[in-house]
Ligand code: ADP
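Presented below, as structure tokens, is a lone chain in the form predicted alone.
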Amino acid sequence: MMNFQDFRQQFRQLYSNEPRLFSAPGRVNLIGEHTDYNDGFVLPMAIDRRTVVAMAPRNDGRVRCLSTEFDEQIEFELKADLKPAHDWANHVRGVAACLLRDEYNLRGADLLIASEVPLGAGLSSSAALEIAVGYGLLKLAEHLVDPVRLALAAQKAEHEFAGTQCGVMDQFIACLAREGHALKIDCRTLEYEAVPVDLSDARVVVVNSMVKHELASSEYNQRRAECEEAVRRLAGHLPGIQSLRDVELEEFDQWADALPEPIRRRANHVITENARTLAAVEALQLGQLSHFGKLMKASHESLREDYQVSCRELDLLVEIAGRHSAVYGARMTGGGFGGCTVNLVKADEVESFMAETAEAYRWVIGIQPEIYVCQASGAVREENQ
């Protein structure tokens, strides 16, 4: 857990000013993978690992930012025609530009950034940074914060400044999470429902494979293009559909053979994953953890076979979890090609699960995984400690 007093003192030494602290959570997606940009359903949970941004206003319209992860200080002018640059601060630059385009007046600021969300692990460190920065800039300028509007601005920043054509899930959960709950999000209507996560007898355990294969970003955008192609082809048989969200399982079974490979498999994953996500919400509400775990397993199999975004390391972690009697279910989480798995584990056997998983993974892969027992955290906020 970050020491806020030490972090404030670090800011004072850098900038000779008194900061305000803003934080936003990372997230683990319990189920509903690669459905968000297909107008589908997702069930993310904010985790108790956060990105914290210390900020103080400036009067010259400039932003200066430093991160504890990087040595280089980045500076830029606040203006709506900001462009991406080849440095680590594109998420900061992007969210500022998109808020300015949304006609918010912003003040210049000095920023110091630190994060407990591991980078590149599929736990949404980028969205946590975007939302913490955006929220802080709005607060420094004394704006009322509309969480949905902030999430959409940060999503646009991800598209334009990071080059990832993501859905709105990551930014949405960072803005709207409730402690002790997951969030069912309809990514078409942006309607959302807080779903209680009863962790009295179970724990959400995230296992970081510690690998991230370089093809992740390009393959992510390729999957999105393949889904759009599936919609174009299916529209000839199912007039009026706008996304794979609109295709029922029975309709897809009728017309699946009209799609070439791998387009058919991509569509099959998205359509069945939407159905699994809605079933998982019901299972969670009814406390049916065994059924929820079976849906997690089916989700991973679909991501591995149909969507083809898993990898050897993730498959091994899911296999190891499946051999443990205390595990209800396990699956990869995030964009894929590395990153993390999410596991639903009986509370009284978490320690044995963690030890056995680490040993088995290290024996095969030669890497020590990081393992996090996660609580359902709250949304972006100002830290007043």
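Quick caveat, the model's predicted, so the values are computed rather than measured. Don't overthink the numbering: it's just position in the shown sequence, from 1.
If you look for the form predicted together with the ligand, you will not find it shown, but the lines that follow are about it.
- Message: Suppose contact means a heavy atom within 4.5 Å; in the predicted complex, does that hold for all of Ser67, Leu123 and Glu158 with the ligand?
- Response: The answer is yes: all three residues contact the partner (heavy atom, 4.5 Å cut-off).
- Item | Segment that reaches the ligand in the predicted complex - one of 84-92, 235-243, 262-270, 293-301, heavy atoms within 4.5 Å | Of the options, only 84-92 has residues within 4.5 Å of the partner.
- is_contact(Asn274, the ligand) in the predicted complex, heavy atom dist at most 4.5 Å: Although the ligand is absent here, Asn274 would stay clear of it in the predicted complex, with no heavy atoms inside 4.5 Å.
- Non-hydrogen atom contact Gly287 with the ligand in the predicted complex at 4.5 angstroms: Although the ligand is absent here, Gly287 would stay clear of it in the predicted complex, with no heavy atoms inside 4.5 Å.
- Query: Would Ser115 count as touching the ligand in the predicted complex under a 4.5 Å heavy atom rule?
  - Reply: Contact with the ligand, yes.
- Flag Leu314 as yes or no: does it have a non-hydrogen atom within 4.5 angstroms of any non-hydrogen atom of the ligand in the predicted complex? Contact check for Leu314: no, nothing within 4.5 Å of the ligand in the predicted complex.
- May I ask you to choose, among Leu129, Ala177, Ala109, Ala153, the residue with a heavy atom within 4.5 Å of the ligand in the predicted complex? Looking at Leu129, Ala177, Ala109, Ala153 one by one, just Leu129 meets the 4.5 Å heavy-atom criterion.
- Query: Quick one: of Val145, Ala258, Ala225, Leu119, which gets a non-hydrogen atom within 4.5 angstroms of the ligand in the predicted complex?
  - Reply: Selected option: Leu119.
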